[in-house]
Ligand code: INI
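The chain that follows stands alone, in the form predicted on its own, written as structure tokens.
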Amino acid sequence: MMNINVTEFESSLSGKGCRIAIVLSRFNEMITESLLSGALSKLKALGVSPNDIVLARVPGAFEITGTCRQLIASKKYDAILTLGAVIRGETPHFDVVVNAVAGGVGELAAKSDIPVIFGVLTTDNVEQAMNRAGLKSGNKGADVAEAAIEMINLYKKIK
């Protein structure tokens, strides 16, 4: 094996001093409130002060991207978490919303100087969504909160 010295950017999970914005869809509220609870619990556990967290509630997942753009432009936050739940129905509306929000958040994440973390569930049914919001498969809200803190610290190391 070749011995090569490389610089490695190591991140941490310390949220002390991190300013977080959360954009939460109200649609499918039973699920999104559970995602929010998971995110807030994880942020607290990682040392983020409640005074450093803001919450923007939007009507549905489609409105997440525009709100994120406004939050990025404010330059007040170290990361943005997006939380929502889009559940497949009987019409193509699911595909339209999922593609718009995933593409929009992905583009913002790629172009922004801060992490924009995608935490919008896209499931075939309510049971799958509930499982990912804390019932069986962990809590995606907690997962994206942890990812945000890790990415904030990684971005800081890179800069």
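Since this is a predicted model, take the numbers as computed values, not measurements. Just count from 1 along the sequence shown to find any residue number.
Beyond the structure shown, there is the form predicted together with this ligand, which is absent from this document and is the topic of what follows.
J.: Mind checking whether each of S12, C18 and Y77 has a heavy atom within 4.5 Å of this ligand in the predicted bound form?
T.: Answer is no for this spot.
J.: Pick the stretch from 66-74, 27-35, 44-52, 104-112 whose residues have a heavy atom within 4.5 Å of this ligand in the predicted bound form.
T.: Heavy-atom contact with the partner occurs in 27-35.
J.: Given that this ligand is not shown alongside this chain, does A56 nevertheless sit within 4.5 Å of it in the predicted bound form, heavy atom to heavy atom?
T.: It does not: once this ligand is placed as it appears in the predicted bound form, A56 has no heavy atom within 4.5 Å of it.
J.: May I ask you to state whether F62 is within 4.5 Å of this ligand in the predicted bound form, using heavy atom distances?
T.: Yes - in the predicted bound form, heavy atoms of F62 and this ligand come within 4.5 Å of each other.
J.: Could you confirm whether V97 comes within 4.5 Å of this ligand in the predicted bound form, counting heavy atoms only?
T.: Yes - in the predicted bound form, heavy atoms of V97 and this ligand come within 4.5 Å of each other.
J.: Can you work out whether L81 and this ligand are in contact in the predicted bound form, taking contact to mean some heavy atom pair no more than 4.5 Å apart?
T.: Flag for L81 set to no.
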